[in-house]
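Only one chain comes next, encoded as structure tokens, the form predicted on its own.
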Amino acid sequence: MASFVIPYDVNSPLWSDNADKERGMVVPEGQKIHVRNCASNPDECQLGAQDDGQWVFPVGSVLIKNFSFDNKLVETRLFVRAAKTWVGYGYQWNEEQTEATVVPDEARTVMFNTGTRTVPWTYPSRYDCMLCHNRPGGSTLGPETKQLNRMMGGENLLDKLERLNLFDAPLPKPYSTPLPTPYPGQEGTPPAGATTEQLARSYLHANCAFCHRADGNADTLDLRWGVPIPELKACNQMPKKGNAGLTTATILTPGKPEESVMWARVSTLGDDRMPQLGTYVVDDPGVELISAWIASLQGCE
């Protein structure tokens, strides 16, 4: 990435069909990132302390994400903060790696040759981008304090961003506890001592809670990190939109992943798939994690 782009990474990544990802941000000179502080400004967190540490970028900011397989770029996405909203653009790389062209409005799927293998890749439509990057979910999704409280290049990312004077107010100390990395991958490995529940809830927060939240596009569930299990609206609750092909099921049936619609939706592709957009390959380690968590539950408390 260009020298003016600030690289960053997250603790709990969004599953992107097994692609490697490189992330960066550009904040206009003189502009600042606002970070929600529930203790100092409770009006910013009317849906609970779970929204503490969400980041609000100034107009003109750009978030950049490169997707690659076998060190070969397949797509670059730009997410641009305009005056009234965010706008997303995808760029398709050619196999020679000499040019990236803007993806048309409609979604498209290609078979991409990395030089050692051929992988399927789907470029989302701009409409699809905005369904996931929705306003209730924070628009930018990844950048929040508990996601970027991590080491990168020998320095804590939050320390680096404060050193660069990018926030409109000092971040509360100590920093919010980092989200645990759910399973081994590009972002690292789960921290020592993390429970199965913590790892599964971190995964759900990163992959589901931008829609499944109290004011989200799918507010029948609230899967934000820190929401108590009885308040998820899931445990022993009947699904509102079908049973994903299961004959006996609730959204989350304690001790029984095979009778839990939550598990069934992440385990499959097609119309019953969750997330509905942005992923076309089952995340096997994620499925195993959700299954292990549900199997470990003794009840809804």
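Given the structure is predicted, the values throughout are model-derived calculations rather than measurements. So that there is no doubt, residue numbering starts at 1 and follows the sequence shown.
This protein has a second form, the form predicted together with ligand HEC, left out of what is shown; the following refers to that one.
J.: Among 109 to 117, 190 to 198, 172 to 180, 216 to 224, mark the stretch whose residues have heavy atoms within 4.5 Å of ligand HEC in the model of the complex.
T.: Selected range: 216 to 224.
J.: Answer with one of Gly245, Pro58, Gly48, Pro275: the residue that has a non-hydrogen atom within 4.5 Å of ligand HEC in the model of the complex.
T.: The option sitting close enough to the partner is Pro275.
J.: In the model of the complex, does Phe167 have a heavy atom within 4.5 Å of ligand HEC?
T.: Contact check for Phe167: no, nothing within 4.5 Å of ligand HEC in the model of the complex.
J.: With the partner left out of view, is Arg36 within 4.5 angstroms of ligand HEC in the model of the complex by any non-hydrogen atom?
T.: No.
J.: Can you tell me whether Ser125 touches ligand HEC? I mean in the model of the complex, with a 4.5 angstroms heavy atom cut-off.
T.: Yes.
J.: Just to confirm, Ile64 within 4.5 Å of ligand HEC in the model of the complex by heavy atoms?
T.: Yes, contact at 4.5 Å.
J.: Decide if the three candidate residues Gly53, Arg150 and Lys160 all line ligand HEC in the model of the complex, where lining means a heavy atom within 4.5 Å.
T.: Not a single listed residue reaches ligand HEC in the model of the complex, so no.
J.: Listed by sequence position, which residues of 229 to 261 have a non-hydrogen atom within 4.5 angstroms of ligand HEC in the model of the complex?
T.: Contacts from 229 to 261: Pro239, Lys240, Lys241, Gly242, Ile251, Val261.
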